[in-house]
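Below you'll find only one chain, the form predicted alone, shown as structure tokens.
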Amino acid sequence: MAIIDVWHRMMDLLPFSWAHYVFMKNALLAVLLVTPCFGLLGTMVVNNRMAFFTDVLGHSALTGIAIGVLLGFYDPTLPMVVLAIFLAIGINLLKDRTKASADTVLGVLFAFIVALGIVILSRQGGFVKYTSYLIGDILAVSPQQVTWFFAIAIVVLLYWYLVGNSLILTSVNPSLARSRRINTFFVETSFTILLALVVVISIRLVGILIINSFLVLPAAASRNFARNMHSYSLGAVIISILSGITGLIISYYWGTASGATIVLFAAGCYAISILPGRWLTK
């Protein structure tokens, strides 16, 4: 909490009206903590063609919420996280042990997990109470949630420092990674678990419907002009942070949903990156 108090005092020094509202201070700090994680993780999502996988993870939050409601949880975050982690591990196991394509496995799980969540939540017309999870509300983030985002950011950075090279090599050339005694199954599974954790905890910020877009767009934009893995990762993080800050502030003045506005700016960055990326690679 001390860190948040210091942050609030720093924000009070800014000459902008929006910087003096507590909800904007908390929202901006949450953006600064979460967006670098999305940028880094998004590079591997794009590299490994996991966009559909993250979409399944995001929509599994509906069923996590439903399970939380059935079990009497006031805050469904824990059931959402546990379900997403089990789902991430299960998908990895299914991909290894079934002859079906990854898209087929994901499609089956996506249909089942979303339908189950909607069926449970729609009982007696109760689904409308949980629609806020669909679009997110970053302006409602609490100091306790900001603390969670701070912890998640540390975990992601530590994971990237310890496992990043193995993860990159596994995504580029799994056979070479195995020849160097890298446990590729552990690397892939640990990454999917971390991805599930970040996606589910961030659901309330961006929303189930568009969280996958915010994970993919910055990395996809950076890939258009990056010359190596370092510039690719750095570019994705910068685009993610800039989109987050700009989208949040603009949504304050426009009176629009912050998560969707952030994604629109990320999409704009992707559109801008296409021509320079093609020109640089010639």
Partner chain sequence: MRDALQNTCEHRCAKIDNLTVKLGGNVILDNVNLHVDCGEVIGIVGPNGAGKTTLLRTLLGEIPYHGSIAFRISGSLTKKPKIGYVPQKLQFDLSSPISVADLVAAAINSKPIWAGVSKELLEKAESVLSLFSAEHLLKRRIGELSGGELQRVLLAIAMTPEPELLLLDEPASGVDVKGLFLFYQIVDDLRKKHHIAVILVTHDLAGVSCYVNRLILLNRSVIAEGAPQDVLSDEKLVKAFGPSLWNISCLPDSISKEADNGNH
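Residue numbers count along the first chain shown, from 1. Treat the numbers as computed from the prediction; the structure is a model and nothing was measured.
As for the form predicted together with its partner chain, it is not shown, yet the points below apply to it.
- By the criterion of a heavy atom within 4.5 Å, residue 144 is excluded from the residues contacting its partner chain in the predicted complex.
- Mapping the unseen interface onto this chain, residue 161 counts among the residues with a heavy atom inside 4.5 Å of its partner chain in the predicted complex.
- Looking at residue 92, you'd find every heavy atom of it more than 4.5 angstroms from its partner chain in the predicted complex.
- Proximity of residue 154 to its partner chain in the predicted complex falls outside the 4.5 Å heavy atom cutoff.
- When you look in the predicted complex, the only residue of 226, 249, 41, 29 with a non-hydrogen atom within 4.5 Å of its partner chain is 226.
- Proximity to its partner chain in the predicted complex, defined as a heavy atom within 4.5 Å, holds among 118, 169, 105, 193 only for 169.
- Listed stretches are 208 to 216, 77 to 85, 177 to 185, 131 to 139; the contact stretch with its partner chain in the predicted complex is 177 to 185, by a heavy atom cutoff of 4.5 Å.
- Along 231 to 263, a non-hydrogen atom within 4.5 Å of its partner chain in the predicted complex is carried by 232, 233, in order along the sequence.
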